[in-house]
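Okay, here we've got a single chain as structure tokens, the form predicted on its own, with questions on binding and movement later.
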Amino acid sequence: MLAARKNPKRSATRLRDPERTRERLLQAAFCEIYRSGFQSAGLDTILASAGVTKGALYYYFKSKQALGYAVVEEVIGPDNYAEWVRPLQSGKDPIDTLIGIVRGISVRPEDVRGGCQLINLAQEMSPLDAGFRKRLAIIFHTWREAVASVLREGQTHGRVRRDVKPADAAGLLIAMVEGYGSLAKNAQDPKVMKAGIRNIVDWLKSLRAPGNRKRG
């Protein structure tokens, strides 16, 4: 007796559905955490936004904490990587690339009001939860190492000043980006972030080697 043939489209749909459901939960959780903070984020709000049941939530994530960890690892981390690390990997001149990234930081009012999700969670949860602290630290470390690495490489090619300490400069860059973001969020004013971007760009230009100075 011949076995009944499976409908490939139907099978593929069944395989994809769990992935889409999990992704909807992650994105809904990200938005709710961004809006309310992790501690105040409502599971009912997340479920309604994702269009899933509480049973589906606990099928994919054992707890709200596990969902929060997944948001850090699978949404915030990759977003930071795409914004900072990937462009640095393909850029020819580290200072030009960094300036381009900084100038691309969003100054839309809604983004300024909400602030940076990475620093928001670090400020809220790092003192309270080691799991969040360690996961967020990995993102910061990856970011810092990526910047430091291109600055070191820039020194070998005569594009970055020899007296620059790459790791220290990378840490300072992150501190300035997140610091201005926090100031702008507190002021609820995009002009604060715009001024911060100008100041960061001027500082980045100062890192150029004397023979590699450019206008603009």
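All of these numbers come straight from a predicted model, not from anything done at the bench. The first residue of the shown sequence is 1; numbering continues from there.
Keep in mind that the form predicted in complex with another copy of the chain is not shown, yet the notes after this line are about it.
Exactly one of the stretches 166-174, 151-159, 22-30, 51-59 approaches another copy of the chain in the model of the complex with heavy atoms within 4.5 Å, and it is 166-174.
Note on the partner interface in the model of the complex: the residue among I119, I105, I99, A146 having a heavy atom within 4.5 angstroms of another copy of the chain is I119. Interface membership of Q123, defined by any non-hydrogen atom within 4.5 Å of another copy of the chain in the model of the complex, is confirmed.
The closest heavy atom approach of K92 to another copy of the chain in the model of the complex falls outside 4.5 Å.
Though the partner is left out of this view, P78 does not reach within 4.5 Å of another copy of the chain in the model of the complex, counting heavy atoms only. Among heavy atoms of L136, some come within 4.5 Å of another copy of the chain in the model of the complex.
Residues of 192-207 that come within 4.5 Å of another copy of the chain in the model of the complex, judged by any heavy atom, reduce to N199 alone.
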